[in-house]
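Below sits a lone chain in structure tokens, taken as the form predicted on its own.
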Amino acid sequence: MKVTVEAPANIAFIKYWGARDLESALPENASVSMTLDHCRARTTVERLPAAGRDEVLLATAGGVLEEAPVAFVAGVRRHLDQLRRWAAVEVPFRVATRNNFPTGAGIASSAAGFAALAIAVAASLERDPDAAELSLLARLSGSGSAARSVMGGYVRWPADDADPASPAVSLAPADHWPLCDLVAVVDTAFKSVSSREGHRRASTSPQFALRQERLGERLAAVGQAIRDRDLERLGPIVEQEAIDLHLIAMSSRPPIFYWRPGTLEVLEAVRQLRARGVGAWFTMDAGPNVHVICGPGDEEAVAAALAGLPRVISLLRDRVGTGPRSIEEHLF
């Protein structure tokens, strides 16, 4: 039986940056994200005969299947091993995956891909875990952000501050607040330092402890802003969180520099938009590309400003989404 799942990327308002246990993706602090709608990973899974071996393939935009890079295959097989232990089975799988947005460029491609893999494998084994268990299964990949991509709308992970191993929880569904996210892509290359390595270095930064002191207040404020649909309150916190993540990266030992000239160009454009009365706020994950959050009424003004910037390669127009879905269009 073939199962195909599309799972979305997400953009963190409160960042996951730094881990108590990197191997298990147990975070130092809770994070809050908005699940996206259009930026998705599509993954097809098929159970193979018991004597077989896992096959991991990448699908091109044209539908051609290619052998995946060795490091990618190793990561997928590690997650498959975790899922097999959960299900108490020893069956191999054929897996093919494709993203409709740049991979490894700081737009949560791992979160989308591993969330899709966890859901598809569970379905292929005819298991029916609830959203909380799917969150835990996605986290087993080692991508903590994947724990949030199994749910739609606005998501907090972990649910329990006292238990970093607890699953994600929904704060509000997508239709509670129809925010837009315009992603200004300024670099499509794989980032030179992975998020995993960034998590490892985070605690070496003198900025790390300072941010931890502020997080309780920020988490409460973001939760309230989402409940009240208050972008004027949410926006400054979202921007400060992005800046703090990159301050920590830049002051880690050794330092990590994700920004590119185009990154600064976009940040300045967002500030200019706000000066003209447009309600737009930037955020970034671990990469050079910039997410600009705004309401539907300001989407066209933001899109026009960003698309006209010389260093913006492409503009991904996204919005809050409802989460993963199963589809019948398989990759093989």
Ligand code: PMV
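From 1 onward, residues are counted along the sequence shown. In this text, all values refer to a predicted model and were calculated from it rather than measured experimentally.
Form predicted together with the named molecule: not shown, discussed below.
A286 is the sole member of I293, A41, L36, A286 with a non-hydrogen atom lying within 4.5 angstroms of the named molecule in the predicted bound form.
Judged by heavy atoms within 4.5 Å of the named molecule in the predicted bound form, the contact stretch among the candidates 83 to 91, 177 to 185, 214 to 222, 192 to 200 is 192 to 200. At the 4.5 Å threshold, heavy atoms of G75 stay clear of the named molecule in the predicted bound form, well away from it. Contact between S149 and the named molecule in the predicted bound form is not found at the 4.5 Å heavy atom cutoff. Using a 4.5 Å cutoff between non-hydrogen atoms, P158 does not count as a contact of the named molecule in the predicted bound form. None of the heavy atoms of S135 is located within 4.5 Å of the named molecule in the predicted bound form. Counting a residue when any of its non-hydrogen atoms is within 4.5 Å of the named molecule in the predicted bound form, the one hit in 78 to 110 is S110.
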